[in-house]
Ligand SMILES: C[S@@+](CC[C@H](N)C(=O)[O-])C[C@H]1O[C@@H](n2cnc3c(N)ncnc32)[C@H](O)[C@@H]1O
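Presented as structure tokens, the chain that follows is alone, the form predicted on its own.
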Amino acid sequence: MSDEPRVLGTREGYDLWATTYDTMGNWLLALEEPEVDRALGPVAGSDLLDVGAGTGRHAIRLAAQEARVTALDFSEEMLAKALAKPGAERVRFLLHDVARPLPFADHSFDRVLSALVLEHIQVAALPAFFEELGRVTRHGGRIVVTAMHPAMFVKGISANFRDEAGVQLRPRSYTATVSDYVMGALVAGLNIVALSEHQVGERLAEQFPRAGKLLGWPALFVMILSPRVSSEATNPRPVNR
């Protein structure tokens, strides 16, 4: 089994990863899911956007909690996996590159989620990405963003998987810092409601032995954000994209 990683374009990498994404036993997903639920709060009856939805792991679960969910991703293969899952019919899935402006009018959603996407956004493009999340969020709404903790880059770790030949493949990621993410949100004009950092604990390491080498190491970064009130808050502009 080769230990020399092969870096792929982000879209190509996730297209290839789709086959095993839900079955490889990804400990980071297990760490992240309960934190997403805590950060989002109750979602029943809300309009919720999942930006970078992948195989629908959050979107379908949140739709089952009575949220009206729209989910975007640029990987056709990941979306194909999502659409094949029970409950997918309750979600509006769209093929869209989240690095481009979102195809929605201002203030369209009560909750906006972007889960484990940030490392694939170039640092210089972070403010524009955060600005779009804020633009489509309603006044009084909430934005939840999760990321592989930048401390993982210190360990040489980024999103990765192995192909059938055992070669480690890495969708293109960009090294960043916590301050890059925080300043990206602030420059975009968002309010920071809460920030939290989560380590690999003993229980997670017992459940996922591969995580044991990172015991006590920061692994997940969670941001809860809100849009700032502007003069346009009560006069949203339509968007044609």
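The model shown is predicted, which means the values in this text are computed figures rather than measured ones. Heads up: residue numbers just count along the shown sequence, starting at 1.
Missing here is the form predicted in complex with this ligand; even so, the following discussion is about that form.
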Query raised in the report: Is this ligand in the predicted bound form near all of Glu132, Tyr181 and Leu225, within 4.5 Å of a heavy atom of each?
Result: no
Report task. Have a look at 162 to 170, 136 to 144, 149 to 157, 71 to 79 and name the one stretch with heavy atoms inside 4.5 Å of this ligand in the predicted bound form. Result -> 71 to 79
Query raised in the report: in the predicted bound form, does His96 have a heavy atom within 4.5 Å of this ligand?
Result: yes
Query raised in the report: So, in the predicted bound form, is Leu62 in contact with this ligand at a 4.5 angstroms heavy atom limit?
Result: no
Query raised in the report: Though only this chain appears here, would Trp217 touch this ligand in the predicted bound form if you measure heavy atom gaps against 4.5 Å?
Result: no
Query raised in the report: Is Arg111 one of the residues lying within 4.5 Å of this ligand in the predicted bound form, judged by heavy atom distances?
Result: no
Report summary line: Of the residues spanning 100 to 129, the ones with some heavy atom within 4.5 Å of this ligand in the predicted bound form are Ala115, Leu116, Val117, His120
